[in-house]
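Okay, here we've got a single chain as structure tokens, the form predicted on its own, with questions on binding and movement later.
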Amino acid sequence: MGFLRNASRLDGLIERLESAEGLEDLQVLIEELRDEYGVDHIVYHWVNSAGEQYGCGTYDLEWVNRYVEKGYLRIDPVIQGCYQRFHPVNWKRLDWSSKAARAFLEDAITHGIGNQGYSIPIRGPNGQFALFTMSHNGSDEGWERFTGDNRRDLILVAHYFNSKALEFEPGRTPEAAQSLSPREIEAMTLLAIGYNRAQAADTLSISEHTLRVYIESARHKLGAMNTTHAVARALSRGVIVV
């Protein structure tokens, strides 16, 4: 497994995400992401309030078809577990105790999905739910180290990916409001998922003073009374997703 340690590489990746012009571009990017991180698979899947679904990823089509035919959506512990959570989840911490879940996992491993996984649940406007998932075949220790070292970057990438995918949602009407800059979106997203200001500044490699400038600018654009109000408005309008 590789690491996206270089900040400029991460910035370049986010820039390519921002310039994506359609769902086909997201498929190309998710394949690049898989290669950048050196994992077996990366998958993005969403469901909106109308029940419409979209997905892209690197699973073999044979497994995707088998997953649908077997009705695995009903028993998949990753789907069930992540729908009840807001923070990233290591698959080993989910409930695999049922016979059906164990059989599903064995089948998934047989089809090359990997024995390790890490999923980031994302909630957007109007009931949208999405998952950004990495899976790999490796040791528990190596996977813990990989996800621990990359957690913050993975959260940012997942939310940027979802934000871009939302732009391509059929019938989507953007809010009439001043657009937040990429840095303002990053700052507000980190606050929304529970980072304090020191952690957010460290993640973005900026000072807390600079972070405050981004937050105040975003608050002004959103017409919010305070930071909490700004985060709530950004979430409700779909400007950020967590």
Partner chain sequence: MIRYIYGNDLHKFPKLARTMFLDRADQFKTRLGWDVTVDARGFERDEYDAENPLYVIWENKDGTHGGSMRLLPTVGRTMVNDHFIHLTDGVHIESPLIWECTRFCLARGAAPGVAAALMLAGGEVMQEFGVMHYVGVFDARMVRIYKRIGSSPDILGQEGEGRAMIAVGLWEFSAEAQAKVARTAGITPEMSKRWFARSFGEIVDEAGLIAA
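For clarity, every value in this text was computed on a predicted model and none was experimentally measured. Positions refer to the first chain, counted from 1. Think of the rigid core as the biggest set of C-alphas that the two forms share within 1.5 Å after superposition.
Although not depicted, the form predicted in complex with the partner chain is the subject of the following passage.
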query	finding
Residue stretch of 56-64, 188-196, 30-38, 203-211 approaching the partner chain in the predicted bound form, non-hydrogen atom distance within 4.5 Å	203-211
Ser19, Glu24 and Tyr44 all contacting the partner chain in the predicted bound form, non-hydrogen atom within 4.5 Å	no
Any non-hydrogen atom of Lys92 within 4.5 angstroms of the partner chain in the predicted bound form	yes
Partner contact for Arg233 in the predicted bound form: the partner chain, 4.5 angstroms, heavy atom	no
Exercise: Arg152 in contact with the partner chain in the predicted bound form, heavy atom 4.5 Å	yes
Residue contact check: Arg85 to the partner chain in the predicted bound form, 4.5 Å heavy atom	yes
Met188 C-alpha moves between the shown form and the other one by 2 Å or more, core aligned	yes
Rigid core superposition, Ala224 Cα moves 2 angstroms or more between the shown form and the other one	yes
Is_shifted Leu204 between the shown form and the other one (CA, 2 Å cut-off, rigid core)	yes
Inter-Cα distance between His209 and Gly148 in the predicted bound form, nearer or further [3 Å or more]	closer
Shift in CA distance, Leu204 and Thr133, in the predicted bound form relative to the form shown here, given it is 3 Å or more	farther
